[in-house]
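Form predicted on its own, single chain, as structure tokens, below.
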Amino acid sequence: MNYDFSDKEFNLFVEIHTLISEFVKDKNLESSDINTSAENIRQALALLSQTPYLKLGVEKAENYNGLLTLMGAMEVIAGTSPSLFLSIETSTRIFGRILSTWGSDSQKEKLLNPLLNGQIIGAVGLSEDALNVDNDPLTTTAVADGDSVKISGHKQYVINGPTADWIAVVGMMNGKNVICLVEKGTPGLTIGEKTATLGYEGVAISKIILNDCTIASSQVITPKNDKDMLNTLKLWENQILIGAGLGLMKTAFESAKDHSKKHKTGGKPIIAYQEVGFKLSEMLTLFQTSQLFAYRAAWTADTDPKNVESLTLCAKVFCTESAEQVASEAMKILGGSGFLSGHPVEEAFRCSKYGQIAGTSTEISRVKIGDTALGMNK
């Protein structure tokens, strides 16, 4: 297992960091305004399309180490702007992978190429009454009507819902799991108001309602093995949330470290106090252990996909819970300044909770990890 990055990969990380760091200057990426969110995403996608970033994990990128490279790159963007990261990844890494993995040639030509060129925003409608779909069957249904398909149902917690050009709606058709590609403005599609959230305030999350929403039958994706489709979608989502956790930890740790060097109390920088050093060492240990866990899960996804699910769940539990712990310790070091609304550490602390309940929640993850350990998933 080699988790070392090549010079080419490091150069990519530096390029992405430079582009995004310059981009976020003088921008309110945590604005709850829909138009501002949409403009931020479109500009960021256009910028990143100049690099291989949008293609990582979606199409083969020469001289890059697959998902391992992607995990390192995701950490860079997530550490710069959590909201921008979640919006970009949902569009590119989930909507994009749906097209690249299961889409037809015509669907790829129509949507995937523009997506990877940063020209459109994608969203995915999966969750219904709860964030998790592990225990509840899908109630959204699609019914064939000649050359058309009518979709009825609802989806909650749709990231990019109000800003997306296309939404991949997951539902049931003829007893099988399918994905319906629904364009913004399609009759029968209603997009709800932006949902107010604890963290990720700059992400446009909403409910969508489909009432006999009619699309062409050519816009329906039917994976050959539809039973594995939901697990695959969850795997992709969990990978994104792992990357988000790394970025949040990086932001919190770096902020606390810089503050401890500059802020003085008792006539000396607080880094001189042993307790602060202990906190920083614990934070760094959690951060670097999370990195290794995340890199191993990413490497396994490419090299041993049959065993990736349990390892990814382990990494997700550890990384998302460590993100909250690191952000909490950083707030203790920063004191009042870290508690102020809008501070990167305060933002990281609020965002850290989402990673534990989204995707496969940490509670359900533990159940599945236990089942694997007991050999119940064979």
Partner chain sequence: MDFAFTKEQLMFKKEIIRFAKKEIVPRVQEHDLKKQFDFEAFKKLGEFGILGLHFPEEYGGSGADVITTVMAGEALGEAGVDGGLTLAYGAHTFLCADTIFSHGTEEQRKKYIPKLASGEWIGCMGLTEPNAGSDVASLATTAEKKGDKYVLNGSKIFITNGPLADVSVIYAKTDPEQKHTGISAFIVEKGTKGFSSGPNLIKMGVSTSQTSELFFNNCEIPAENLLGDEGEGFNMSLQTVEWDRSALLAPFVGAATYMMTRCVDYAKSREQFGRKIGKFQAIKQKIANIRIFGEAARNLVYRIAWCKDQGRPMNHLEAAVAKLFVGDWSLGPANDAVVLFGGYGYCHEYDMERIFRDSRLAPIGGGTSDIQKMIISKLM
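Note that this is a predicted model, so its numbers are computed, not measured. Residue numbers count along the first chain shown, from 1.
Unshown form predicted in complex with the partner chain; subsequent notes refer to it.
For the options L230, M172, L280, I191, the one in contact with the partner chain in the predicted bound form, meaning a heavy atom within 4.5 Å, is L280.
Highlighted residues A46, T101 and K108: none comes within 4.5 Å of the partner chain in the predicted bound form, counting any heavy atom. In the predicted bound form, the partner chain stays beyond 4.5 Å of every heavy atom belonging to Y157. In the predicted bound form, the partner chain lies within 4.5 Å of some heavy atom of V367. The closest heavy atom approach of K150 to the partner chain in the predicted bound form falls outside 4.5 Å. The shortest heavy atom separation between L68 and the partner chain in the predicted bound form is within 4.5 Å. Judged by heavy atoms within 4.5 Å of the partner chain in the predicted bound form, the contact stretch among the candidates 120-128, 242-250, 296-304, 203-211 is 296-304. Residues of 285-315 placing a heavy atom within 4.5 Å of the partner chain in the predicted bound form, in sequence order: T285, L286, Q288, T289, L292, F293, Y295, R296, W299, S310, L311, C314.
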